[in-house]
Ligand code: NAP
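Starting off, we have a lone chain in the form predicted on its own, written out as structure tokens.
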């Protein structure tokens, strides 16, 4: 199930959050450390207002929470709030036994918090958090947490793809622990949240406001990734890159899979090592994946078979499992051509300026020269532009000299990452003055209108948006992945 973490400051606001997200979640977690002090006094009544299993949590600052009280006071507050009808109460694994003794006016002496919960059949989640990494004794730690019959929860922060592999090995190593919660925090850990069932985890936390590092929204987890419906028979596909979470590709592929009723999910993987990803792909039995910056050339040595385009270009954006081996193809080549094919065929595009010389640029340069278009490659590092230019018998130059080509080309293609992320609002060729006669083709699709396209549109140029290529090459990938044409009736408003 998907569990919504509630971090509003009042119980009424938290109830409203549950109602807003009710159709996508199966449980909710109330975080006492986010409540106003007056609200803490009546928190025990919250379960009576919500028709979902609820987890009660009061997180210390050292575990990523907001509570700064001493342990005695924190656990006393937790004890009072826990008098309600909660399904679970979260208690950290290092809480001292002596601190669990709480005051209760109905009893003489002190009452043990854990014993009082068990007496009312409230399950205890025994939690461990590590915001720095993944402990080497991960499997043993989960075993120890489960030792008292409680539900073990480990929330750790993978620092590499090898750490992510360790998390995905938990279910294989600890299948005898039927109820457990395994979480990889941060960006590297996002696939563990989507594929939580493949870790043997009983739930995955979601939130409207990223209450913890790597949280996705409940609607996205349910409607885009169908995370709560993934089972052992679900085929896994993905996209690898660094960065990767800006991608809209999951919306294309997951909508397509759902439309044709194909039990599959397409997941983004932040990849720091291509070699490590192929190990993870074997572990998860991944059937195919898209490749984006900066791995389009790095994956090629790991492929057992490659298409004619990949052999020529030396760049691969799609990998599929065929007859026990990995095959690489390049759908960027044809996806790029589709929006401008008629202009090339009619002769209105005879010359092009290509900005950048990375993996995507290689596919585009080859696509253009193979269709008779004269190309000049501009790159910040002239040596890289020269290498690609020599391979393709194209011209090359430095980005600083972009202005020398204004008015002399029919098409300008922007293939770099300049214009997105930290570089949003930056034009990679600020010295180039559009005349209004060029077609300006941008590969970035988020933001939809970059500084490059804005400059072109001001001059009266025809723009080609990055999402057009994304959709066209994505449809070709979809067919390579599952053998079906992409359903034409699916709207793709990215």
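Because the structure is a prediction, the values reported are computed rather than measured. Residue numbers count along the first chain shown, from 1.
Omitted from view is the form predicted together with this ligand, to which the following refers.
- This ligand in the predicted complex is approached by residue 443, whose closest heavy atom lies within 4.5 angstroms of it.
- Using a 4.5 Å cutoff between non-hydrogen atoms, residue 296 counts as a contact of this ligand in the predicted complex.
- Taking the partner from elsewhere, residue 290 is found to have every heavy atom lying beyond 4.5 Å of this ligand in the predicted complex.
- Among heavy atoms of residue 469, some come within 4.5 Å of this ligand in the predicted complex.
- Of the candidate stretches 5 to 13, 482 to 490, 469 to 477, 18 to 26, only 469 to 477 has residues whose heavy atoms lie within 4.5 Å of this ligand in the predicted complex.
- With the partner removed from view, the residue among 352, 418, 183, 221 that has a non-hydrogen atom within 4.5 Å of this ligand in the predicted complex turns out to be 418.
- Exactly one listed residue, out of 102, 399, 95, 146, brings a non-hydrogen atom to within 4.5 Å of this ligand in the predicted complex: 399.
- Counting a residue when any of its non-hydrogen atoms is within 4.5 Å of this ligand in the predicted complex, the hits in 377 to 414 run 379, 380, 381, 384, 399.
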